[in-house]
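First, one chain by itself: the form predicted on its own, in structure tokens.
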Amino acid sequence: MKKVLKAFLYLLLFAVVVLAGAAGYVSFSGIPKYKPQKLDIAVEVTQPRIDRGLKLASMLCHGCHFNSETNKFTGRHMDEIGTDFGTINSLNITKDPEKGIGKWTDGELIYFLRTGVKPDGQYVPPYMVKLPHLSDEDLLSIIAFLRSEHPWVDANPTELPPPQPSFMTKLLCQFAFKPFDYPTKPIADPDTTNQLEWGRYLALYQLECYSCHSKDFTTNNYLEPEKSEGFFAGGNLMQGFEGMKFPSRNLTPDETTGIGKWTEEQFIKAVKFGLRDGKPALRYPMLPYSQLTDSEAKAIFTYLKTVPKITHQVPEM
């Protein structure tokens, strides 16, 4: 009996040493680096692309990168992420050559936005949106805007402290979160005459609405969004003001807990103006997408009405 107990204690000690060593390795090595692919791409900057890029940047970049003190995309402290991912400051994406992205090539920017890997090989975890399915023209338009003379992207040397990822973030980046593969084929714009196809593109690939409105960021399937747990059923805990957390809304067409009884008009007003029947319909960090056209909002609603119903009650405001 004593031999069995002794063997068990040695085995337990060995397990503790292995786990401690693994934890030390993760903490010390941090987030892995990867060799970025060199892309020989030069984006033609045209006014239509700048205009299209401004609209996209207003919805995809402004919320995280706009600094109210500089009035530019110099980055800010991401309070709404909370502490689970660590202390996170967004990147300066102005045209400043030293503190911003002024020296990045178009190819480096495109590769980064597709995969999450910066020119120095550093991988940015899932708290930054990646755009592996965005159409080529949408992506090129974002680059054109970042190269434009718009005041948001004027060179500014403001520099925030580098992110301090949590142990959980480091661990997940070692074993779960990996860069996306760069697309091997061109990605065309959606057919805007097909409202369902257009809405699916907007909800899944351009705006990534499912990312917040499914069960959890850690269980989202960013390559095959429909396979995300609790797809569009809400419940993902979002960080609001003053440390408050609340679950995202159920956007499936369930009649009792989702948007099954919403009208198209109610949905448009909620998404574009943050109101439903004259009352607030959105909660920070969700902000009104006033840049959307009514046609785009209608297309998103058309698509959401086709996703599988999930009965999942989440608290109202």
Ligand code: HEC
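Here the structure is a predicted model, which means the values were calculated and not measured. The first residue of the shown sequence is 1; numbering continues from there.
Keep in mind that the form predicted in complex with heme C is not shown, yet the notes after this line are about it.
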Q. Is it the case that Leu60, Leu109 and Tyr289 all touch heme C in the predicted complex, with a non-hydrogen atom of each within 4.5 angstroms?
A. yes
Q) in the predicted complex, which of the listed residues (Thr218, Gln122, Thr192, Asn71) lies with a heavy atom within 4.5 Å of heme C? A) Gln122
Q. Looking at Pro247, Pro179, Pro132, Gly86, which is the one with a non-hydrogen atom within 4.5 Å of heme C in the predicted complex?
A. Pro247
Q | Segment assignment from 223 to 231, 141 to 149, 166 to 174, 182 to 190: heavy atom within 4.5 Å of heme C in the predicted complex | A | 141 to 149
**Q.** Contact flag, Pro285 vs heme C in the predicted complex, heavy atom cut 4.5 Å
**A.** yes
Q. Just to confirm, Glu208 within 4.5 Å of heme C in the predicted complex by heavy atoms?
A. yes
Q. Heavy atoms within 4.5 Å of heme C in the predicted complex: does Ile300 have any?
A. yes
(Q) With the partner left out here, check for me: in the predicted complex, does some heavy atom of His65 sit within 4.5 Å of heme C? (A) yes
**Q.** Sequence-ordered list of residues in 251 to 269 near heme C in the predicted complex, where near means a heavy atom within 4.5 Å
**A.** Leu251, Trp262, Phe267
